[in-house]
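Shown below, as structure tokens, is a lone chain in the form predicted on its own; questions about how it binds or moves come after it.
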Amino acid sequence: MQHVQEKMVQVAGIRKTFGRRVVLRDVSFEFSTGKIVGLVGPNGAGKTTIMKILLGLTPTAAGDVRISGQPVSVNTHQVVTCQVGALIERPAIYPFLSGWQHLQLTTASTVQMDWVVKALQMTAYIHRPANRYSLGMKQKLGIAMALVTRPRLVILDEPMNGLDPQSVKQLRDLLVQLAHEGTTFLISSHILSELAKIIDQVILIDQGRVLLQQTMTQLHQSARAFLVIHTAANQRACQLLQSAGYSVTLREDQLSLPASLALTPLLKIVLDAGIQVLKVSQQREDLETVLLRLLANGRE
């Protein structure tokens, strides 16, 4: 296993244009071996373009990209990308080849092929032609082709697309296990609740700029805490508290207030009005809420 502090990916000052349109502006980030890194942002933010640049598939107008210290560009990517597995956009699948034959296009090792088929639980259909695969089976085949050679870096674009909940959990467990063994992952996904369960770091991009790169620990520390109160008459309780000067929002069947508020005087207002309080709890923002807030701040 590689030393944990070795820099696997270093991206500095990347600029990318399509005609006059600037797609990426001064994008810089880096991460170490054995990390699972989430690349998140709205549609059109530049996530897939960044992944293609890392694979040497797309030229850049400026900047420097290195994998394991080796430069990557359209001209030099063969040197490095033998260490990299990828699933970008949809898997490239030939309808009349079986899943097994697809894996043979990637590696000559039956040991590697057996390993990935078992790991992704594809044994039942791996020898069927791919035109008989469901969307989820095709997605698993694309992931299998990215993982089969046990590359040091794996880049996955929306890997959970089309997978049922059980397959999503299997994939999560497999990625965490491989990361513990030293594989590095860069994963883009719009299913932030799933991504949050496995990533060590997050890179948030918007409109071609990196808004932040933080560890999950740092992100959790920046998550805001709030009080959640359920009453028998939320609408009325909300109006009473707003009249008393409290900053309160009514969401679905609950009242939400800043966690720093003293609870007793607040509850007294509600109870004195004859409204029954059903439940009081404290919650923290989830990853999605934190990132949406940071996105909004970044655009102001």
Ligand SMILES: Nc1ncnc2c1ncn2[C@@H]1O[C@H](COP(=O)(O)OP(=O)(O)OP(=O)(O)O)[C@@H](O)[C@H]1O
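For clarity, every value in this text was computed on a predicted model and none was experimentally measured. Residue positions are given as counts along the sequence shown, with the first one as 1.
Although it is not shown, the form predicted together with the ligand is what the next lines describe.
Taking 34, 56, 38, 46 one by one, only a single residue has any non-hydrogen atom within 4.5 Å of the ligand in the predicted bound form, and it is 46.
Screening 42, 274, 265, 69 for any heavy atom within 4.5 Å of the ligand in the predicted bound form leaves a single hit, 42. Contact check for residue 284: no non-hydrogen atom falls within 4.5 Å of the ligand in the predicted bound form.
Contact check for residue 200: no non-hydrogen atom falls within 4.5 Å of the ligand in the predicted bound form. Although the partner is absent here, residue 90 is not a contact residue: none of its heavy atoms lies within 4.5 angstroms of the ligand in the predicted bound form. For the chain shown alone, residue 158 is a contact residue for the ligand in the predicted bound form, at least one non-hydrogen atom being within 4.5 angstroms. Partner contact region in the predicted bound form: 46-54, out of 227-235, 59-67, 46-54, 243-251, criterion any non-hydrogen atom within 4.5 Å of the ligand. By the 4.5 Å heavy atom rule, the three marked residues 18, 21 and 190 all count as contacting the ligand in the predicted bound form.
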